[in-house]
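There is one chain below, alone, in structure tokens, taken in the form predicted alone.
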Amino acid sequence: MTSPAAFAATAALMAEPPRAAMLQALLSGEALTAGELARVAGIGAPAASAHLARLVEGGLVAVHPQGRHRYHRLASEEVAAAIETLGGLAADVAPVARRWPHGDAFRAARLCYDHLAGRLGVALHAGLTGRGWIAPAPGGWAATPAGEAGLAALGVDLPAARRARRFACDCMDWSERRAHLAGGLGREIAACCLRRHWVARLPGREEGDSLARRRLALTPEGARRLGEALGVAA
């Protein structure tokens, strides 16, 4: 059990609006520079650097130097899941007049760190379980023989999924209140859908919108292929 002091320290890292905006932006799964995160948070470069240093020190964000740039990502799937869950809690307890005005597009399809979320993510989870492609296993889900064949036929990289710390597990979807699929399999299904242009990132990533980078749209070809394979409705 985490001590109250450690719990409070981690919660405090998310309690500042600029840091919360940065963490929400990093749920897109992209690695972003301090300048990009400063624009998302609506603050100057020095303040952004100070906030990012706190997030890195607290273990919520990892930094990857590359040439002259330093790219920031969420430190783990567990961090992403915690932020997604807190988003759902915030939507529940906020006064009605202040609920997030994200609209139907954000609920329809989005990224939750490195896997698919929203109605599309939930429908994929339902399709995988309904078709018997995944079955309960200790710590989450395992692919069945039928699932291995079906996922390979779709182009999902199962060996890469198995190299993840967790092969497949549930992540509670804050807008749909049902589970979507996370873990290595969730990541590789999302990568397959993006690579094959079955889903597309939506344009119009406003600098001040920390959620814009996460929005996706199901393409006609994606609706056809995922509908045939897993019964996902457009």
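This is a predicted model, so every value here is computed, not measured. Just count from 1 along the sequence shown to find any residue number.
The form predicted together with the DNA is left out here; the points below concern that form.
Which of 113-121, 153-161, 137-145, 68-76 sits within 4.5 Å of the DNA in the predicted bound form, heavy atom basis | In short, 68-76.
Could you confirm whether Arg201 comes within 4.5 Å of the DNA in the predicted bound form, counting heavy atoms only?
-> Output for Arg201 is no: heavy atoms all beyond 4.5 Å of the DNA.
Is the gap between Arg54 and the DNA in the predicted bound form 4.5 Å or less for some heavy atom pair?
-> Arg54: contacts the DNA in the predicted bound form.
Non-hydrogen atom contact Arg213 with the DNA in the predicted bound form at 4.5 angstroms = So Arg213 does not count as contacting the DNA.
Can you check whether Glu221 is within 4.5 Å of the DNA in the predicted bound form, heavy atom basis?
-> Contact with the DNA, no.
Can you name the residues of 141-165 that have a non-hydrogen atom within 4.5 angstroms of the DNA in the predicted bound form?
-> Not one residue comes within 4.5 Å of the partner.
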